[in-house]
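In structure tokens, the next block holds one chain alone, the form predicted on its own.
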């Protein structure tokens, strides 16, 4: 940040009085500009028929990680709830209508100043289509997921936790758990998938 969004004068990094962190502060009007993590919200849309469960993934048509697979997700907009953001992103990226369920994963990604939330979801039908940020959209069983082509650590962690919970539920009963984790490793380099 170089200029104040209140008065357009230059800002400088300093610790404001009664604070303990560096902030951008305007020397002209005194405005303190707080910068907070961005929320990335998505869903785990599934379709199950005859005991076979498939998850809907999107192949990215944008950077970062162009050409890699991800769950439908994106930045939360002002004025919307996290559940509304999950539904909107699923519709925008995958053209899919979903019934949203409970929050499944909460992943802190401090090195990029983000928090990722993924909700469980059920596809209402299989009338889906790639949006402008997706090259293609497809349903995958766990065995079919292109694990080496998953775009982000948060998506891989969420998918592995989802299928682990699903296996336990099918064997022992019970329900899905909320999974929370801190991610400190960067995403894999954006090499084009095969």
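Note that this is a predicted model, so its numbers are computed, not measured. Positions refer to the first chain, counted from 1.
FYI, the form predicted together with another copy of the chain isn't displayed, but the following is about it.
Of the candidate stretches 140-148, 34-42, 53-61, 121-129, only 34-42 has residues with heavy atoms within 4.5 Å of another copy of the chain in the model of the complex. Another copy of the chain in the model of the complex is not approached by residue 91, whose heavy atoms all lie more than 4.5 angstroms from it. Using a 4.5 angstroms threshold between heavy atoms, residue 178 counts as touching another copy of the chain in the model of the complex. At a distance threshold of 4.5 angstroms between non-hydrogen atoms, residue 115 is in contact with another copy of the chain in the model of the complex. In the model of the complex, residue 20 approaches another copy of the chain with a heavy atom inside 4.5 Å. Along 62-97, these residues reach a heavy atom to within 4.5 Å of another copy of the chain in the model of the complex: 75, 76, 77, 78, 79, 80, 81, 82, 83, 88, 92.
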